[in-house]
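Take a look at this single chain in C-alpha cells; it is the form predicted alone.
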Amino acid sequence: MNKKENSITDGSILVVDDSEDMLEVLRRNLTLKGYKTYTVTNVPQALKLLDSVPVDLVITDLKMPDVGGFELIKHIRANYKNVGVMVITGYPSIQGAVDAVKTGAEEYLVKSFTDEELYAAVERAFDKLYSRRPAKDHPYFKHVPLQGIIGESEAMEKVFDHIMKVSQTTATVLLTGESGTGKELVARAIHYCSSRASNPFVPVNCGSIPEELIESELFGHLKGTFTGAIETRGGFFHTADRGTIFLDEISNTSLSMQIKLLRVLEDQEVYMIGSKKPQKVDVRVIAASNVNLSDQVQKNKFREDLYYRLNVINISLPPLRDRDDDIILLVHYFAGKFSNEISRAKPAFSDEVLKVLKAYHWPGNIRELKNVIQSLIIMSETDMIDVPDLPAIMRFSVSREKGIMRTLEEIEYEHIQNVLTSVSGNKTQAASILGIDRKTLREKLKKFGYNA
C-alpha cells in the first residue's frame, strides 16, 4: 500500500461549520474516502470534541456566530501540536488567506469547491502534518522491529519483503548498494528474524583488517604459529558458530583469502593457522559490497567461483535519493534520537528545510543524513531549524542556478567537492562513494588544487 492510500484510511477529521448542509456534504464525501469524520456546528463543541477523541485534521469555516474560525485555529496551535488545520470559507479574500496561513492553517479552500479540490487539499494537509510528526508517531512507521530499519517507500517495502523471505532459509546472501545505505542493519535483521536469532551475529569489516592478520582473525591460530601467537585462539567463524557472520566490504579481500573463504562456504570447515585438521562450523554467511563484484570479476580482482557462491540471493539496497518518502521519517527519527542524547527538546523543522532535505541528492546516503541531523541538533540554539541552519552545500545545491555551459572537469570537481563535504572530508570514504581508489582521488584533488 502506498503513502497516499495509507493517508486515506488512517486519518480522522473534525469538520466545524455553522451550515448543516455543508457539514452533511463534507461528512458524506470524506467518509466515502475512508476518513473517520466528526462534525460540529460551532467552536465550543469543537473544543469539547478535541479534548475527548483523537483528531488528525480540523477543517473549519472562518465566519461563524460568537466564536470564529481564527480563534479555533489559534487554540489548536497553542494546545495541539500534532493536529493539522484546513480552512474553508465562503468569503474569500487574499488577506483572509494570508491571515489563515499565518495563524497556522495548512490549506485554504474557497466555497464552492469541487470534490476533487476537497480531496486534493485534504491530502496535502495530511502530507504536511505527517512530515512534521516524530517518526514514532507516523502512521507509516511500522518496521522498527526489523533492527531499527526505518522506511515506508516502495523501494524499502521490497527490501523488507526480501528480508522476511530470506530469513526463513539458510542460503548465503549478498547485499549490494552504495556506501551508507544500511547493509549491516539489513544483515542483522535477516539474522534476528531467523531461527539463528539466539546465537551470535558477528560483523566483520574486511576492509579494516590488515592483509597479514585477516586469516588469523577469521579462522583463528594455534599457539606459537607466529610471533605474538602466545595462545591458541579461535577466529570469527568459531565465534559465529550456529549463528551468522557478516563479511562487509568483501571486495577488499585478496585473491588468496578468497580461495580460503570459498572452501569454508563449500565445506563448512575452517583450518586454524598452524593446524592441519579442519574444524566443522555451522555458520550462515552474509556478505556485502559497495562495488560491483561482477565488474571486479571481469577485472580479475575477484574470484568468479566465490562470486557465484556468495550471490545465491542478492538484495540490492536503494540509495537514499530513491527513497523520497523515507527522508522525512529518518529526519524525525534521528532528531529525536540525538535530542534525547543531549537532554533537549526535539526542535521543529520548517517546511522549507524539509523541502531542501528531500531535494538534496545525499551522496553519503543514510550515514550522511544521520551526520547532518546530529550536527543540526547539537549546533542549533532555537526550537525551529530553518534553511540558514543547514550546511552550505545543501542550501546552494537547491537554490543555485548552475546552467549547462560548464566543462566536464568543472562538473567533476564540483561532484567530488560535494561528496567530500558529505563525509566530512574523509578521503577513503569519498573514494569508495565515487567508485575510485584513494590514489586516483588524491591525484584528481591535486590536479584541481584542492588543499582541504
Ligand SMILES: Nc1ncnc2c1ncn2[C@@H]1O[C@H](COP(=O)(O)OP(=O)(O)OP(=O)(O)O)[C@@H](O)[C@H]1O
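Numbers for residues come from their place in the sequence shown, where the first is 1. Nothing here was measured: the structure is a model prediction, and the numbers come from that model.
FYI, the form predicted in complex with the named molecule isn't displayed, but the following is about it.
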Proximity to the named molecule in the model of the complex, single hit among Ser216, Ser251, Ser179, Gln258 (heavy atom within 4.5 Å): Ser179
Contact residue in the model of the complex, from Val283, Ile76, Leu109, Ile150 (heavy atom within 4.5 Å of the named molecule): Ile150
Contact segment among 260-268, 275-283, 322-330, 354-362, judged by heavy atoms lying within 4.5 Å of the named molecule in the model of the complex: 322-330
Contact of Asn290 with the named molecule in the model of the complex (heavy atom, 4.5 Å): yes
Close approach of Ile366 to the named molecule in the model of the complex, 4.5 Å, heavy atom: yes
Residue contact check: Leu185 to the named molecule in the model of the complex, 4.5 Å heavy atom: yes
Exercise: Phe349 in contact with the named molecule in the model of the complex, heavy atom 4.5 Å: no
Ser350 and Tyr119, C-alpha gap in the model of the complex relative to this structure (3 Å or more): farther
Direction of the Cα shift between Arg124 and Leu330 in the model of the complex, where the change is 3 Å or more: closer
